[in-house]
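Coming up, as structure tokens: structure 1 and structure 2, two forms of one and the same protein chain.
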Structure 1
């Protein structure tokens, strides 16, 4: 830092003052970061405190089971594992179809702790992996934003990311899913890219490639990185910001990154053959062409350069056209133009609903509603535009990257609600920039106007005024800071930055641009108030909205808290009362939980890789009893599991999911026609329901004996009485129903040894004595199964 141009006697003291302040600021930043990490960890612990340390949802159970296997059998077995307990009879190659990053990370942590004689169980490590990595992610956000705008903005962005509800929703303690480590890898990769771009060091380029490798290992969303970075490089070239640092930042990443991506078995050769990666190769070629042009321009005289250009253009254009024609022919020959189904549904949001009902049926793949933006990023929704403008005010390579990042992530978050998660870090970075800038302006105005403060007046003319104007126009209430206790430290650290600026800025015109004192003070207070609102909202969202483990449900009533632990009850019953090799059929939602907790073989699970197999199960659920029995018997199924919420009002039960069973089944087996189940375009289960609906297996298995509960068979979810109340099951027998009737398990009846009356065709037309009782299932034929 430069000592100001005062007397020599004053120089040493000012110099030591500056270093002392810098050292103090550094230590303070360190402690602030530590606190941010602790906050990120602890805000995610609500579910552990309110319920217990249990793994949530569906997908995490699969990851948990894989981690158990890894911990027990070691890494070689894991790479070569063929799982025969799911997708019966097909099985699943786990080593080649799973993104190993998360399980390897948790396995390594478990192994490390156990070798240090800290005996944590695998489940504990799995539950707490996500909060630990969210602390790392907020530190990575600090590093990234520091590269773009400085320490103050970095601390603000880190604090925002630690609490943003969108990220909390996918990384609470217990949510052991890929995004828990993938978001950290994403931000860290971006940080290393920006660092390489700013410094031009090949060392950071190597680290960048390794971080990208970790991201590829962790999540399928790595295609976002390998498309965003080429887009940014193209943007830099087009806007005239080509430099050798850009080459060093991008070219090694492409080569090393493609190789490393091809190393991961899930990706394999897709790294060079699918359209998701073509953008990176195209920009690689463009970058080399541009670099070559700059080099030639540098060593030739301008006249010669013109000659070279005309020569090259005439020859090169023809060659280029030929190559492009070949490439287009290759790409157009594949029906999806080389993109995978999921990526295509991102680019064309209507694609999935037309062609792949399974992708369309996942609730996370639906577009988000407007309120969900406010719920998930709250105050940041106002601050993001201010941050984008602050990024322009000076536009550097790194700030153009942030602008591009946020623009693309906003688009993708609008397509699929799951991708709000990728949008959250971008929102935090830009909001952090906006906040720290406006905080700068106000505190500096106050400092000017308070008498007796140091006369070290600084400048900051145009950018401050524009930042101020925007910040003020964005409604004064859109300022915030973290906790009040952090205000002073961040003020001081920003003051230090101000001290350094005069030395770098030209000592030309210094215009004082300060706001009136009272408006600055009021704005500062409103900033703090806004911050308080943000914090309150985040804590509320973490505690109430996103901490439900969804395997245990609770409800409050006049006589206290009810706990619904039916799922684990059912899986426990399966585990203890069936043979190890018995096959269980259910809708694909419950596959992972069944294999992990009940330890039984399932037919379909959440991986949904085989549409026909799922359609088979869907057809079975939509068919009458006999046809369903045939289908299940051909798959060696012994038990059928159905989730039913009608008694307690649990809305995510199988009857509500039934429309997907019909659609997916009907997509593969044309004899299942959706209009057969609809009355006036709606699925109904009351007396107005169609006969096909009342006869299908799902209806029967859900409502068997339901009328015994209250005498009328009133379904609390659909809010009607059921249509067919008294019936018997002919091919299935009920073996277990949980306490609140939420999970019902049925066993397939074995075929009888002797079939009466089958050879005498004339007699089989008469209704026999077995159908003389009550209302039967409508068929008058003799039933050989009873």
Structure 2
């Protein structure tokens, strides 16, 4: 009887040990997550440490300006704000055309900090919003991956996401763009969906709808969520995995989420009227038909069930056909079939280049190259397939969602480089699962074969402890339900026999699964080396590749580091040397920065909502000087700003973007033809360039006086001497050129300066009047732009 007493006494001890182990594991996981959050925040501060606390890129300047307005005037003024500084003379209603999530988030943080007497400026809050939410995104990744494959995989995925270069590129300090908070909202919405799917809790379903609402407020990429989740629901239905938990996870999201999404002004009725949302409604109908079939199956006899199913399917098909007919009618009334231009570009990668050049002209809308995958996700590209395989062993509802997520995000990232940002969390999740399970296999194999540990001592004890822990839980339940039973010893002996059999079986299986010791050690070292390489690459990408703000440029040469601050120099000149009501024309890339930093009215900006207005500016830049002056004068423009990189070798200048101006302008004004600017199909600015190219406004404003810099007019970007070196401007005058010639500002000459002889009083009055009439008749010709 001694053995049973020892076994009985061991149960509380094992239970206590497991409790302590779980408590210690929970505390350790908490501190690891805390460190991951600190790492995610810290690795994004290189831009502030190396440069300064400044807003990056182009779009963030508009978001910063809107946040300033919100902090100064309040939420009600923000919703009703009509901005007359942009898209002159049309203007823009900000509250109804912007995704307010980022602005409201940063404004709330600023208000809370100032309420706590922490006087931070709006700019400081905007600069550090993205690093803060990158930590939140890492924690959300842990929660999502934990629901799929456990705590170990969750911690690994969170650490990978905290450092992945693709996410760093959009979340460094100063990158105040919508994606800064949208990626967190995306991952957290997916986590709450999986949590609801695993638990069937209506509470989590409600939270899921609220998280989806925050995502809708933050980014137009919310359509990815409202299409991916219906695809997963349909997959579960087709594969026979329908359950009440699936219904609870999806139905509230469609109903409550759609109602909340319609409250966002920029979305409004698009939540129920555009093709991007129709898939969710169709799956919603299918889900209810399937749920009703399962319900009547449980209350009817088999014979009656067949009759009822026939009726339900008939009615369901009729309803689906009616809904589809209505959708087709709505879609057919739209020239784009109810899809937005960007959505059609994702479904058909050639659509934008054929029909909407304004979308194709954006660099982040171009398809990525293979090196960009290695740059943005590095070694995760090799771990993703292993993670997908791990999701199939075993395949559950949550793991099938991860497989579907990675499959769709890979496709979209291959169409548009900007969507590498959506692919990065999926790559981190699958790679975290692969690494976690690989470490588990290798460390278990090493532990099983260590020389100092026999299979009959510690390994058996560990296996027995896990089996005994399960048996102990059953024993506790038995003691509570049968506390007065007299035959308790016999049940314990039976349980002991049950414990021994699973333990022996599990031990035999683990012996078969154990890898050779040398292979396990080498594989483990290779995984550690792979992780170290990933860390080094991510730190380099954060410190060098993605930390430089586009508004302040640097380059290294044999004589040291050179800083190019020409953009702020030009915007500062505009702010201090022009009137407040002056209008500035430039290509749309620089509209947000001009409005935010120079506080001057612009003709077009980065919102790109009016293709005709942008085409007008493109036509002016593509036209001869006189025709361009007439276009700009009709728009009340006083200054024209161009970006030129030929002197310092800055490749993203207006000459390199010029063909897009021609294509966009020619799409609205047919007299602008791209072949007129090409020589034998080649874009040239040298002596072989076409006369149309050499005489257009963009060429003249970029290369005016350029030959004075080196005597030859050698363009360092195009690596050639310019074709037309010596010319004068008749309708524009240069008023400012920055130190490195990167930004050049010209002023339109007033009309009276071009009509010679009108104010002169001389003996040759007849000649002057004849000349004036000739000028008037020339100016009276029909403007091809009109």
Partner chain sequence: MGRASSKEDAGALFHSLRSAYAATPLNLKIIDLYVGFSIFTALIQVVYMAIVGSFPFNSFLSGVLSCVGTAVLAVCLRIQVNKENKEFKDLPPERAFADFVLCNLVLHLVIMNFLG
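Numbering follows the first chain given and starts at 1. Keep in mind it's a predicted model, so treat the numbers as computed, not measured. Heads up, when I say rigid core I mean the largest set of C-alphas that superpose within 1.5 Å between the two forms.
Engineer: Just to confirm, one of these is the form predicted alone and one is not; which one is it?
Structural biologist: Answer 2, the form predicted alone.
Engineer: Using the core for the fit, does the CA position of residue 210 change by 2 Å or more between structure 1 and structure 2?
Structural biologist: The answer is no; the displacement is under 2 Å.
Engineer: Verify the C-alpha shift of residue 563 between structure 1 and structure 2: is it 2 Å or more after superposing the core?
Structural biologist: Not so; residue 563 is displaced by less than 2 Å.
Engineer: Determine whether the C-alpha of residue 112 shifts by 2 Å or more between structure 1 and structure 2 once the rigid core is superposed.
Structural biologist: The answer is no, as the C-alpha of residue 112 shifts between structure 1 and structure 2 by less than 2 Å after core alignment.
Engineer: Cα of residue 320: shift between structure 1 and structure 2 in Å, core-fitted?
Structural biologist: Here residue 320 registers a C-alpha shift of 5.0 Å.
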